[in-house]
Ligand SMILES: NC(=O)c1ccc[n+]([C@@H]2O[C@H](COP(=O)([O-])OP(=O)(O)OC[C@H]3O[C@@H](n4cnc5c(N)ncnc54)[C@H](OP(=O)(O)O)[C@@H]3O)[C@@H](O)[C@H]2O)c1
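Below, in structure tokens: the form predicted alone, a single chain.
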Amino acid sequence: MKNVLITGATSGIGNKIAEILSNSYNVFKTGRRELNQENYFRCDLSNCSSIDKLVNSAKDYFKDSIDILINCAGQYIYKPIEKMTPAETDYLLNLNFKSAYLLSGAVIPDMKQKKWGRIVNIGSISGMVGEGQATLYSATKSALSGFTRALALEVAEFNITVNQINPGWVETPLADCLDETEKQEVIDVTPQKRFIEPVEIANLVKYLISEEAKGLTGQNINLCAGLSIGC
């Protein structure tokens, strides 16, 4: 079985990815919650100094290297640019982008040695089309998109693929910040008139890390119920 490290795995999209992949892969999870599980390491990835400890904990659990990395950890802040604090700015940059960059750099050497690897980044449709009042969130997800394409090119000859999924509004605890009127507004501007379900993203991840998808790399896939094409 291949070994998978999933960040942001304690809730929402990451939790569903872990659930789906656990049937076919050795899964190691990380998140900020306290969980008493052998295949889990509590870690706040906005503190990038914890990344080496996370990677070493996963490798100790697997007794082997990490074959597949799913960068799912992220956070959303909705406020005007002039009201963003320096602490919030550093937090989003580290969590949404820098952690994925550093984790990828940490697992790539072993993947190159094995001449096999998969990296899937979970971005956002906001990084593709922009979102007012969420400029830094959009910027971090856009940066992740550019990183995905560049890294895919860099490691393609080693049979390592790197792809990104850009969800629209997803039925997760993040959507709970919306009241019923706001949820209806989201539905009204979404062509399919619905929220994406986490299982849809998890199943796409499962395909992207499979051998059937070995020719698919450097791609940004907008799984957004049509938000990227208009309303």
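Position 1 is the first residue in the sequence shown; the rest follow in order. Computed from a predicted structure; not experimentally measured.
If you look for the form predicted in complex with the named molecule, you will not find it shown, but the lines that follow are about it.
Visitor: Would residue 200 show up as a contact with the named molecule in the model of the complex if we use heavy atoms at 4.5 Å?
Guide: Residue 200: no, not in contact with the named molecule in the model of the complex.
Visitor: Taking the named molecule as it sits in the model of the complex, is residue 75 in contact with it (heavy atom to heavy atom, 4.5 Å or less)?
Guide: Because a heavy atom of residue 75 falls inside 4.5 Å of the named molecule in the model of the complex, the answer is yes.
Visitor: Contact with the named molecule in the model of the complex for residue 169, defined as at least one heavy atom pair within 4.5 Å: yes or no?
Guide: Yes, residue 169 lies within 4.5 Å of the named molecule in the model of the complex.
Visitor: In the model of the complex, is there a heavy atom of the named molecule that lies within 4.5 Å of any heavy atom of residue 32, even though the partner is absent here?
Guide: Yes - in the model of the complex, heavy atoms of residue 32 and the named molecule come within 4.5 Å of each other.
Visitor: Run the contact test on 55, 117 and 147 with a 4.5 Å heavy atom cut-off to the named molecule in the model of the complex and return yes or no.
Guide: Spot residues vs the named molecule: no contact at all.
Visitor: Which residue, 189, 43, 204, 48, has a heavy atom that falls within 4.5 Å of the named molecule in the model of the complex?
Guide: Exactly one listed residue reaches within 4.5 Å, namely 43.
Visitor: Can you tell me which residues in 1-34 come within 4.5 angstroms of the named molecule in the model of the complex, by heavy atoms?
Guide: 8, 9, 10, 11, 12, 13, 14, 31, 32, 33, in sequence order.
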